[in-house]
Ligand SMILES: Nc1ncnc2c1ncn2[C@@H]1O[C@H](COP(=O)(O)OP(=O)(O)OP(=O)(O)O)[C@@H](O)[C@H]1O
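Quick heads-up: it's one chain on its own, the form predicted alone, in structure tokens.
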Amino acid sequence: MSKVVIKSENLTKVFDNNTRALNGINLTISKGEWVTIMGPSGSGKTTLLNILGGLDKPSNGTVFVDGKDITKLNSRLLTKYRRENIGFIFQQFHLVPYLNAVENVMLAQYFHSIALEQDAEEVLERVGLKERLTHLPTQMSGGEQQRVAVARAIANEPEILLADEPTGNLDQTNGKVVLDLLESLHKEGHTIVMITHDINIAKRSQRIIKLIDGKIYSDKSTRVKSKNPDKKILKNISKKIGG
């Protein structure tokens, strides 16, 4: 049985205007699993992702990551948790405009207390940006900027990647490049939780969880289970081979 890396229990989030974004979310995600969260606008997708990543706290309920209840952590410990466990990939690239690609990745390493130019260059090469190391964000295409964002997210080798509409601002070609990168990272063992509105993108993951009004409406595997052969066919085969 796979190890559970993320577990939420009765997760609830109510904002100051009494808007109930999450309403009793019970969820488990195994180590190395790729899960997609879908749902209409206002269903609670981003709120859930932010709480799993320690960017927000629930009103009630608990979130366990590797057995630790992160809802009880103070601000300092939440920062440490994010730094050591989580890689964020957003729809908006959130690159520092006056820093080049290497420096943007090194910035993430800096917050992890390790900022080595060679390591930043290596991770950028992993995402296919060997020729863009010294380019500023304005000198790169949207797809290249998102790949810098992916490199920044994985620079500190986090166990969990949280991706909020990672292809939302990209054309189909660049979107495929980023999705291929995520698939490669998943094969390396990263746990991925991704938000998307595109069912074709969601099908690249292992599970699709649909939220409606802050509740889990469905939770289904994307892997097609093989059906048992028809008993009559088996019987006929058995006769032919003398069984």
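All figures in this text were calculated on a predicted structure; none of them were measured in a lab. From 1 onward, residues are counted along the sequence shown.
The protein also exists as the form predicted in complex with the named molecule; that form is not presented, and the subsequent description refers to it.
Each of Phe15, Lys45 and His197 places at least one heavy atom within 4.5 Å of the named molecule in the predicted complex. Heavy atoms within 4.5 Å of the named molecule in the predicted complex belong, among the stretches 174-182, 201-209, 58-66, 35-43, to residues of 35-43. Residue contact check for Leu11: none of its heavy atoms lie within 4.5 Å of the named molecule in the predicted complex. Using a 4.5 angstroms threshold between heavy atoms, Asp119 stays clear of the named molecule in the predicted complex. Proximity of Ala21 to the named molecule in the predicted complex: non-hydrogen atoms within 4.5 Å are present.
The shortest heavy atom separation between Glu144 and the named molecule in the predicted complex exceeds 4.5 Å.
Along 50-85, a non-hydrogen atom within 4.5 Å of the named molecule in the predicted complex is carried by no residue at all.
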